[in-house]
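Let's start with one chain on its own, the form predicted on its own, as structure tokens.
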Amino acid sequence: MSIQISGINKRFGGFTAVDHVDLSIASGELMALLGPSGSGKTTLLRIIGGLDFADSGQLLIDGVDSTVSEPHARRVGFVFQHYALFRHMTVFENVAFGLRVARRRPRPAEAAIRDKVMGLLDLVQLAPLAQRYPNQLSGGQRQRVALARALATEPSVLLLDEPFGALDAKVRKDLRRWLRDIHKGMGVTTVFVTHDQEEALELADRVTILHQGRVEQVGTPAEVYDHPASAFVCDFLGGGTRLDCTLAGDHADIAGLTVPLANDVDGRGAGIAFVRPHDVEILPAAAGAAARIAALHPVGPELRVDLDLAGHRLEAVLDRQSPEAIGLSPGALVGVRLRRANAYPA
């Protein structure tokens, strides 16, 4: 099922949550809605699912006007951050619930329901736990039950609202890969909300970046990261150090250095540059621009280096075992070269 959003607006009192959003989601696509708190991503997801209604604009699902249709008419499955499982029901009964209350005639026979539920529990690797209750499961297991329940009614669109936000880092990473595999196998059009950049870039076919209720950029993970369309997008997606600069065609003057630009910029004059840590090269003191090491932060296999470059604070990231990292110490003088930057008019 494709989704076409045209000029959607939604206000809550004096606050505009979604502001003239246009967005196309292809059939079978895995789309991430990414943005900071208050950017409108959850409101837009709820409008697609029929849990909220737009004040104006149009929503088409597979070409059918669904702007004011009820949720059950849209054939969507919803997975919430906090699972929303029925505590008094077993895993099996939670997944079967949607099949038993479905608005269709005839309803599936009990044997068909059992086969369907156990097949889904096999898919999410929870069949041995079918008779347990939610309070007997881990957070990751509960989220898999919630996903199986959403898939039970064979939705045309699957909507996930920060599905891994309540889980610890390792479980989130495992479930992200698992969800990607399930999506590839089933091909259901999927839209998920997240404020986690890594999650969106790892999972999605395309990413929609929202800011203050508006779409800032839509593209593949590589497109939005490598070619951010605005200063907001660049900063939000790990833009690195923000510095004043002077734009000069295909390069910028930053802290006395001439730095090639990774993006195309219209105009010259005052600008804002973003230098990512991996684009800061540390050299011997006699080479490059003189900088002083302000602090060192070992983080796993990486060494994060805070640098003072002519009064500007920069961050570099090195492999802790690399020749460039060995022997560095706070207060030492080093040389610095900036490989590239993203820059925008001020």
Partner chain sequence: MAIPIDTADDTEGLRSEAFVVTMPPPRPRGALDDPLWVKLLVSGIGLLFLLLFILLPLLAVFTEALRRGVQTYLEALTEPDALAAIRLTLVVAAIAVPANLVFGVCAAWAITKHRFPGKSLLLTLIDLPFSVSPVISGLVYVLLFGAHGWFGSWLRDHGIHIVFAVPGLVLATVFVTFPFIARELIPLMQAQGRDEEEAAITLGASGWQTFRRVTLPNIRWGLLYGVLLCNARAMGEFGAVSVVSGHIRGETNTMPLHVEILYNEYNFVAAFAVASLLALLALVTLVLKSLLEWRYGAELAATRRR
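All values reported here derive from a predicted model rather than from experimental measurement. Positions refer to the first chain, counted from 1.
Same protein, other form: the form predicted in complex with the partner chain, not shown, and the subject of what follows.
Although the partner is absent here, S138 is a contact residue: one of its heavy atoms lies within 4.5 angstroms of the partner chain in the model of the complex. Taking non-hydrogen atoms only, R87 approaches the partner chain to within 4.5 angstroms in the model of the complex. Proximity of R142 to the partner chain in the model of the complex falls within the 4.5 Å heavy atom cutoff. Although the partner is absent here, R132 lies within 4.5 Å of the partner chain in the model of the complex, judged by heavy atoms.
Partner contact region in the model of the complex: 91 to 99, out of 189 to 197, 91 to 99, 222 to 230, 270 to 278, criterion any non-hydrogen atom within 4.5 Å of the partner chain.
For the options N263, T153, S156, T246, the residue carrying a heavy atom within 4.5 angstroms of the partner chain in the model of the complex is T153. A heavy atom within 4.5 Å of the partner chain in the model of the complex is found for one listed residue only; from D52, D62, E315, E29, this is D52.
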